[in-house]
Each structure stands twice: as structure tokens, then as C-alpha cells.
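Encoded as C-alpha cells, the following chain is the form predicted alone, with no partner shown.
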């Protein structure tokens, strides 16, 4: 007679996972107590004894038991929009929403072709730029010197990615060229740029280049920094793509040659789609790093979200609330980085990268 299988109960699974031995049980209890103590103190400080409204800011200050979120209530426009004109900040908000919607549409499989995803991102970026810059469709011009906050961070990230990704593909193809002088020259350029700190490249493009370029090529400092950052991004991403290409069996490209496919057809239909699939996890990682490193532009004088946060508490009225401001800025970074991470996980499941 066959014995019927009875699945273990919840208590049995907890005992097996967390209390298999006396030592493991003691470690579990100590760790749980530390987590509970930290959570209780965080809730006590951040919610139970916190002040949320700017109208009650007299409850904040040195000696207060809870967080002073009143600084966010009073200064959120400065953190999100920076120096953007107050009456035009709706444009900055809609521009950020347009980029977020573009990122959301990128998850729809219908857009997963080179032409459609490129059209989608160029359209989303154009809407963002027109809303921010103005000067057309009856919108008041707002020059780049007045951009700031979250919208400037998103603009730098989107511009760097849009410029850097095609450049990375070109760099990767040149480095695997069959002509040695092209492959070695490209390798030297990539290795040289990768050996330099990102901050030094930003300083070079922002401060040094105007002394050596003709006047018509100088442009605005913001765009020079974006070009430098895109070059830095492209060199790292090119090596990631090249790694994805090297993971392909050599027989695939040789079979495409045997079928009479030309170079661009082999690259466009055989090599690049599989290379991007192989390189998906490090590509998402590179995008996350690129988004976080946009904060470096604060050192060369741009008013991005970190600088806006510094300005939000940088007066006598709110100078005690720097922890709350940094928590809020960190939360905004977390939202975007976590969304990028989940997007990458969704693509990996969809493409079954781990099962190959």
C-alpha cells in the first residue's frame, strides 16, 4: 500500500529553516531581536514622533524626539525642481513623468525591436527636452542654467544613455575588427578612458576643452559634460557588449557567412541581438551605476538633486534637518534604481537568460 505524502506545515518549515540546531536557533533569535529593535527605533523616529507639516515646524529642531519631515513639506519644490522658475515647474514635472512612462513602455514586448525601442526613447526624450527647454509651442524659454533637481538628474542620465549606447556598439565592433590597426587603436582608446576617473573626464570637458576648441564648438557646459560622460559610459558598455559577442559560438557567424549574409545583416540580425541577451545583467548593472554617478556633476557646479537637497536645508531655518533631507533624496534614488533593477529582472525572465 502506497503511503500518502503529507506536505510539511508552516511550523515544521520554520523549524527546519531557522531552528535546525540549538546554535542556529540562538543566532536566529539574536538577529530577529536586533532587526526588531532597529525597526522599532526607525518607526518611532520616522513616524510616531515625527513632524510632517511645515505649519508645525516649531516642534522640530535640536532636542526633538522624531524626524522633521516638515522640511520636505516646505522645500520639496526646491529638491525636485532646483532653480527652475516657480510658475513653470509643472513643465518639469510633466517632463519627468514622460521619461518614466517611456521607461514603462519599454517593458512592453511590442517595443522590443531596434527600430521601435529607438523611436520610443527618442520621442520620450524629445518631449522631455521640449517641455524643459521651451521656446516653441508657446512655452516660455528656460535655459539650462536654470535646470536643476530631479529633472536635471534624469536629463543627464537619459542623455548619457541615448548617446553612449550607440557609441558603445560602434566601439565594440571596431575593437573586434579584423584590421589590426583599427582593433588595437580602439583598444588603446577604450583602455585609456577606462583608466581615468570619471570626475577628471568631467572636469576636462567642462573646464579644459573651451581653451582648445574653436568658439563654435564649445557649446554649453552641461552638454560638454554629457558628451564626456557618454564617452566614459560607452567605453565600459563596449567591453560589456564585446563580452556578449565573445560568448557566441563562432559557428553562428560562420554559418551566416556561408548563407551569403553581408556584414551589417550578420551584425544586426545574428550577433547583436544575442550579444545584448548575453550581456543583459551587466548592462543593467552599468545603467544603475550610471544613474547613481550623475551625482558627481554637483562638484563641477550643477544643481542636480543632491545639490538641491543641500540647498534645501542650507539656511538658518532648516539647518538641523540634513538627515531628513538626505533620507528623502536617498529614497528618490532608491525608487529609480530599484525600478531599473526590477526592469532588468523582468527582461532576464522574459529572455530566459539564466536558463541558457
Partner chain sequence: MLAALKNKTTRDQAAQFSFVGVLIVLIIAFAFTARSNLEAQGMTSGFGFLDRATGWGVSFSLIDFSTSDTYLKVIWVGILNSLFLGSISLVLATVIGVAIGIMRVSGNKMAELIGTTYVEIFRNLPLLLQAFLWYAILTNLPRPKDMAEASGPIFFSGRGIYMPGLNVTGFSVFLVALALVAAFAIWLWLRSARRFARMEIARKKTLSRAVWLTWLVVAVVLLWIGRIPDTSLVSQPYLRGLNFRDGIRVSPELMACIISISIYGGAYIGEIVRAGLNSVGKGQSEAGHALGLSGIQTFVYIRLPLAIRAVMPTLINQYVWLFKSTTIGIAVGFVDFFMVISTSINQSGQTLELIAILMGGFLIINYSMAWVLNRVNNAIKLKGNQLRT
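The term rigid core refers to the maximal set of C-alpha atoms that superpose within 1.5 Å between the two forms. Numbering follows the first chain given and starts at 1. These numbers come from a predicted model, not from an experiment.
One more form of this protein exists, namely the form predicted in complex with its partner chain; it is left out here, but the text below deals with it.
Engineer: Looking in the model of the complex, is its partner chain within 4.5 Å of a heavy atom from each of 93, 280 and 283?
Structural biologist: The answer is no; none of 93, 280 and 283 reaches its partner chain.
Engineer: Counting non-hydrogen atoms within 4.5 angstroms of its partner chain in the model of the complex, say which of 204, 246, 113, 140 makes the cut.
Structural biologist: Of 204, 246, 113, 140, the residue with a heavy atom within 4.5 Å of its partner chain in the model of the complex is 204.
Engineer: Does residue 32 make contact with its partner chain in the model of the complex, using a 4.5 Å heavy atom cut-off?
Structural biologist: It does: once its partner chain is placed as it appears in the model of the complex, residue 32 has a heavy atom within 4.5 Å of it.
Engineer: Any of the heavy atoms of residue 342 lying within 4.5 Å of its partner chain in the model of the complex?
Structural biologist: It does: once its partner chain is placed as it appears in the model of the complex, residue 342 has a heavy atom within 4.5 Å of it.
Engineer: Contact between residue 301 and its partner chain in the model of the complex at 4.5 Å, heavy atoms?
Structural biologist: Because no heavy atom of residue 301 falls inside 4.5 Å of its partner chain in the model of the complex, the answer is no.
Engineer: Test of understanding: in the model of the complex, would residue 330 fall inside 4.5 Å of its partner chain by heavy atoms?
Structural biologist: Residue-level check for residue 330: yes, a contact with its partner chain.
Engineer: Within 4.5 angstroms, counting heavy atoms, which one of the listed stretches 187-195, 105-113, 140-148, 237-245 is next to its partner chain in the model of the complex?
Structural biologist: After filtering at 4.5 Å, what remains is 187-195.
Engineer: Heavy atoms within 4.5 Å of its partner chain in the model of the complex is the criterion; list the residues of 292-315 that meet it.
Structural biologist: Heavy-atom contacts within 4.5 Å come from 292, 293, 295, 296, 298, 299, 306, 310, 313.
Engineer: Core-aligned, does residue 345 move its Cα 2 Å or more between the shown form and the other one?
Structural biologist: After core superposition, the C-alpha of residue 345 moves 2 Å or more between the shown form and the other one.
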